[in-house]
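Only one chain is included here, represented as structure tokens and corresponding to the form predicted alone.
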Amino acid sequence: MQDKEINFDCKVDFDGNLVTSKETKTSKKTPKKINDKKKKQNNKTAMLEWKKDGWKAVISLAPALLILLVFTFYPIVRTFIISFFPHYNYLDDSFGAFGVDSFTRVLSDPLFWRAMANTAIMVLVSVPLSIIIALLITVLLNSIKRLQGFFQVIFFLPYVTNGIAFGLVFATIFSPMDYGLINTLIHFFGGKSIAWTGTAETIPYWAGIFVITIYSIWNGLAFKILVFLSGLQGIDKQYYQAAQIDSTPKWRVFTKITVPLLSPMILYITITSLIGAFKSYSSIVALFGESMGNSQDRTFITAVGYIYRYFNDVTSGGSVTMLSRASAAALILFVFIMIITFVQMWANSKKVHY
């Protein structure tokens, strides 16, 4: 219901009498109705803009959407379907009976849980260390005025280097032979050679995990530094100027200004690093070969390595029904990654400052 207000235009004549003119009525609209009217106007404007330029956006995005549909979404849906048909035969594309036997076999396989344990160690050790080291290097790079571009190129080189080639370099540095760089240093200080990499059965588990951790940290530094550096350079300099006027210690500036204002980038890097660590495969192959350590028990096998193991059995002439088992393992890994991602986003939702 509208509230009405009655206004009178009043005038005074020559005798001093009050004369009222024609009555005018004005209406007052409630704030709710005003907001509804504005929303309708905005919706009409958006529709007009879509009719005008929407087809341009569709044409521009169509090639990318087509590629994603064929090479991303279709394989995901196909993998999901195959995982529920244990006797799927890819040669004649016959599905067989519906069932969850593939999931049961994967979850009851000790090798799968060994792969998940190795992957979890990589996630829990390499991801936090790489983020902390990358953040510290970024702050140091941002404070350097001379040769800043030179050091940025050095730290960015691993990002544009092939993963297998980079892994082979590490395999040479940590070679189990006496001529390996690390073993040469150990000999210099009077120690004995350690079988860091390769397929030998004598590789200590801690030595292999150490090499994997060092490789993962160095290989992931480039992208993290690039993101942190772009975010750090976007922070308003007034915060640092105010801290400088107050003679605030550098460690306090780092913890109270830099880290909170970089929290969106830190969250993004954390999530992408977790996903990348769960997908580790090529680096392990480069360091320990396709058997991923001991050929009998596959000491350093990862979750993705477990999936490829059964996929390779299919392509190398093994049982064609193993593809369902590989698909089930891939789906389980996908669920693990989704759960951890959502938990990470929920846990940091109150700590991220936009």
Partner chain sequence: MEVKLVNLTKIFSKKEGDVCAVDHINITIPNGKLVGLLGPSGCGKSTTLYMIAGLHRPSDGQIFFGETEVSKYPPEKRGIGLVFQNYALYPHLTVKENIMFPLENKKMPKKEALEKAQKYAALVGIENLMDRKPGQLSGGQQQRVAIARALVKEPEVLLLDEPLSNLDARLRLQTREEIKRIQKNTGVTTIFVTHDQEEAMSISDEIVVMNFGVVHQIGKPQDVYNEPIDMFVAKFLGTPPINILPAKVVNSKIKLFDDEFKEDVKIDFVEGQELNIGIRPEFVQIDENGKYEIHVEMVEYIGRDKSILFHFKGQESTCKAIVPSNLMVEPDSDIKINFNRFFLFDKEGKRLV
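Residue numbers count along the first chain shown, from 1. Worth saying up front: this structure is predicted, and the values here are computed from it rather than measured.
Keep in mind that the form predicted together with the partner chain is not shown, yet the notes after this line are about it.
**Student:** What stretch, of 271-279, 234-242, 108-116, 95-103, brings heavy atoms to within 4.5 Å of the partner chain in the predicted complex?
**Tutor:** Among the listed stretches, the partner-contacting one is 234-242.
**Student:** Please determine whether residue 248 contacts the partner chain in the predicted complex, using a 4.5 Å cut-off between heavy atoms.
**Tutor:** Contact check for residue 248: yes, within 4.5 Å of the partner chain in the predicted complex.
**Student:** With the partner left out of view, is residue 252 within 4.5 angstroms of the partner chain in the predicted complex by any non-hydrogen atom?
**Tutor:** Yes, residue 252 is a contact residue.
**Student:** Although the partner isn't part of this model, could you tell me whether residue 139 comes within 4.5 Å of the partner chain in the predicted complex, counting any heavy atom of the residue?
**Tutor:** The answer is no: residue 139 has no heavy atom within 4.5 Å of the partner chain.
**Student:** Evaluate residue 260 for contact with the partner chain in the predicted complex, applying a 4.5 angstroms cut-off between non-hydrogen atoms, and reply yes or no.
**Tutor:** Flag for residue 260 set to yes.
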